[in-house]
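Shown below, as structure tokens, is a lone chain in the form predicted on its own; questions about how it binds or moves come after it.
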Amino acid sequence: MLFAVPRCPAERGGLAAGGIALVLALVPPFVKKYEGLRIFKHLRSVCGARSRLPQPEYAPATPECPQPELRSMLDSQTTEVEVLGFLKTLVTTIKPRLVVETGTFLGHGTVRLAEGVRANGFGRVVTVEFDPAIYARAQERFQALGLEQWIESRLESSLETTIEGTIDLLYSDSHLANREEEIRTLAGCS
């Protein structure tokens, strides 16, 4: 294919501007965005009560979860409803003093962990989220539920956070690609 290159600088500038405009118009729809931000944007546009209704799991079966249809979810990024209940039960059963959660997202898991700590009457939950907008949304949830005294929420990378004390329960719920490294780091195995 042959292209004619304009000799006049003004024509070349116009051609370059046109090319940039074309790229800006065509590329954004194909750029993969972080799934959590897409869900966050959707939840802001939907009525609050409707966004909290469980729905059947729609993820495909995997070796780890061969029957996803047996689970319920609030959205495609939040921990399954059944697991959320298990988290609180786990905390009230093993009585941890320090619970660490990575990947706060909208705070559903953090809330259940904190409810367990509160039911025990002692302990704290440290939760780590790297996205400022999602972090702010979780903070609103914690305050609205009166759980902020049980939760230490951090806006930072789980791979860079430092936890003082002995972690009694680590709930790694961040991006799958980060989990092995963050578990090694937080468990002191690196």
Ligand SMILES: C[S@@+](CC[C@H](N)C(=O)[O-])C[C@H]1O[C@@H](n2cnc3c(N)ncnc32)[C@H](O)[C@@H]1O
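Since this is a predicted model, take the numbers as computed values, not measurements. So that there is no doubt, residue numbering starts at 1 and follows the sequence shown.
Although it is not shown, the form predicted together with this ligand is what the next lines describe.
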| request: Give a yes or no on whether each residue among 92, 117 and 150 has a heavy atom within 4.5 Å of this ligand in the predicted complex. | output: no
| said: I'd like to check something about residue 72: if you look in the predicted complex, is any of its heavy atoms closer than or equal to 4.5 Å to a heavy atom of this ligand? | reply: no
| Though only this chain appears here, would residue 55 touch this ligand in the predicted complex if you measure heavy atom gaps against 4.5 Å? | no
| Should residue 140 be counted as a contact of this ligand in the predicted complex, where contact means heavy atoms within 4.5 Å? | no
| If you check in the predicted complex, is residue 96 within 4.5 Å of this ligand, heavy atoms only? | no
| message | Residue by residue through 103 to 138, which ones have a non-hydrogen atom no more than 4.5 angstroms from this ligand in the predicted complex? | response | 103, 104, 105, 108, 109, 128, 129, 130, 131, 134
